[in-house]
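Below you'll find only one chain, the form predicted on its own, shown as structure tokens.
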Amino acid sequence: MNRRKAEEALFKTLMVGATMFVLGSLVLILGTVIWRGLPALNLAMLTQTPKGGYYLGKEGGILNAIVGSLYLAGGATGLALAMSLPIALYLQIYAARSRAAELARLALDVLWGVPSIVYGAFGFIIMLWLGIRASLMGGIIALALLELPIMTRGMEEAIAMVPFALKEASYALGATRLETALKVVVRQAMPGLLTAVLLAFGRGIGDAASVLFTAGYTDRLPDSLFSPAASLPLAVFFQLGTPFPAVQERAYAAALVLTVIVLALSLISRRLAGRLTEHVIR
């Protein structure tokens, strides 16, 4: 009995320690970004594009990177959503335990583990083959490929949590598989689907490697799908690489803006998911 209590106490200590380590790391990262970035953050940084000499510590802002990141991640998330939801519904409703479904899941898991720089290099090769220069469209396509496995697997897990009795009841009332999928399964799994979309969006807006070759970087706001687009991760990277302390502080300010965007979207999605959960049948 004493041995069992000792084992329980040991594993409880390890779990508490791991939890505290994760929370401490989060607090340390956020604290560093806020401490270093908040003094450099001002209205001009949020409302202006880089001016002449910005990377030497002169006036200007990161509006180009903020708008570019929202365009890139928003467009990529929308494109990935258009592909992920049909794939997830097919894997769970039409081919749940087939060999083809297992192969598709394996392929998605492999794609999930592929480094983002590989997506950027692949997108760059395709763009060269098509004769497309670094542009907003190229970045959106590369990020959509990056987000696709994350969103699809997350959606599939959410759909798998829908009680099978609901599907059987829908079939018993004469609904087809498509009607059941769209009117029953999607509605019941909506909180989980939103979570999957948020995870993919967070990965997309924070990635730098996949857009380095495909979206490029510019100090201007993108005015079309075929013009280059800046992004906040690359803005952080380029500004930290300068030897000027004032510009390096602006890099932390850009990181703070990126963190706030992800945090705001997380809070909004949790609010929406909470409201949708009220109508979910367990």
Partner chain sequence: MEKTLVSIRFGQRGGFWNVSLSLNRGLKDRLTGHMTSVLTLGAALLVPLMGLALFLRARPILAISPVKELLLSTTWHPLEGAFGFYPFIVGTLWVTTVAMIIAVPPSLLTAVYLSEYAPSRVRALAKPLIDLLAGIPSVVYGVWGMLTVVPFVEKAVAPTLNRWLGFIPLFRADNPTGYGVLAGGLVLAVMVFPIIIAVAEEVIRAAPQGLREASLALGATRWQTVKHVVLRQTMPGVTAAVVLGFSRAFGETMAVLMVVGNVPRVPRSIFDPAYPLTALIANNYGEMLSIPSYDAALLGAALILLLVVLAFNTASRLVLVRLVRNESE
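Positions refer to the first chain, counted from 1. Keep in mind that what you see is a predicted model, and the values were worked out from it rather than measured. Rigid core: the largest C-alpha set superposing within 1.5 Å between the two forms.
The discussion below concerns the form predicted in complex with its partner chain, not included here.
Screening 55-63, 253-261, 39-47, 218-226 for residues having heavy atoms within 4.5 Å of its partner chain in the predicted bound form returns a single hit, 253-261.
The candidate spot formed by Met137, Met190 and Leu272 lies out of contact with its partner chain in the predicted bound form, as no residue has a heavy atom within 4.5 Å of it.
In terms of contact with its partner chain in the predicted bound form, the residue from Leu198, Ala158, Val184, Ile150 that brings a heavy atom within 4.5 Å is Val184. The shortest heavy atom separation between Leu212 and its partner chain in the predicted bound form is within 4.5 Å.
Leu130 falls outside the set of residues with a heavy atom inside 4.5 Å of its partner chain in the predicted bound form. Phe244 falls outside the set of residues with a heavy atom inside 4.5 Å of its partner chain in the predicted bound form. Contact check for Ala96: every heavy atom lies farther than 4.5 Å from its partner chain in the predicted bound form. Annotation for 82-99: interface residues with its partner chain in the predicted bound form are Ala82, Met83, Pro86, Ile87, Tyr90, Leu91, Tyr94 [heavy atom within 4.5 Å].
The two forms, fitted on the rigid core, differ between this form and the one not shown by 2 Å or more at the CA of Tyr54.
Relative to this form, Tyr54 and Phe226 approach one another in the predicted bound form, with their C-alpha atoms ending up at least 3 Å closer.
A shift of at least 3 angstroms pushes the Cα atoms of Thr19 and Thr195 further from each other in the predicted bound form than in the displayed structure.
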